[in-house]
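Quick setup: one chain, the form predicted alone, written in structure tokens, and binding and motion questions come after.
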């Protein structure tokens, strides 16, 4: 791994803790104006001081994020289907590596669909993205998923994560499941968990804590932050879990106290 690659990864996965809080706001590329992101710039701005990297599309980056903001960008470069399409993740490349460079991306993100009809298409396209990104010293994040008919369990998450790593991913994003140690112990690159659908704050913080305890390198959380009752308080609570080893209860108490402070200032 060359200097540029190491430098970009170190901007995302902080060397002091070996972990990261990724803020995922790329939902619009297949969901449109997602609840909480209708005015993406307004929603994301207050959260940026607490995120280690921002994961979004090139359009969202151009239209909503101030270029003067100092935050590493993880650029979503896969797409091709919307939430209306039954084959939601039959994705291909929607952004060139030259465009990623123009946008000063620190990482590119691509989804592969493991165990479904279009598995081969997404995997082969991901390897092309890896080759192109590596030629410029840019790391690639592999967003792993399994077919709709497959159970989300440690066996399949480990399969998908290891597959992504063996194909050249530098970071893996996958779902947290029972027995997550099987996923992290068999994957040779850092694994971050997807936040998934909105759940109560206590449950989201518990999930983050359990993932870290099982060897995860952090979270790539979106809806459980920007759809929270108080997103600014929530992202700080998540940071406490990821970087400070706070328990879920400690983080929840922090969330409640910060929520009061933020509301008082509003």
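Residue numbers count along the first chain shown, from 1. Keep in mind the model is a prediction, meaning the values are calculated, not measured.
There is another form of this protein, the form predicted in complex with a small molecule, and it is not shown here; the text below is about that form.
The partner is absent here; in the predicted complex, the one residue of 241, 211, 55, 235 having a heavy atom within 4.5 Å of the small molecule is 55. Site annotation in the predicted complex: the residue of 160, 192, 143, 75 reaching within 4.5 Å of the small molecule with a heavy atom is 143. Taking the partner from the other structure, the small molecule in the predicted complex has no heavy atom within 4.5 Å of any heavy atom of residue 64. Although the partner is absent here, residue 36 sits far enough away that none of its heavy atoms falls within 4.5 Å of the small molecule in the predicted complex.
Taking the partner from elsewhere, residue 196 is found to have a heavy atom lying within 4.5 Å of the small molecule in the predicted complex. For the chain shown alone, residue 21 is not a contact residue for the small molecule in the predicted complex, no non-hydrogen atom being within 4.5 angstroms.
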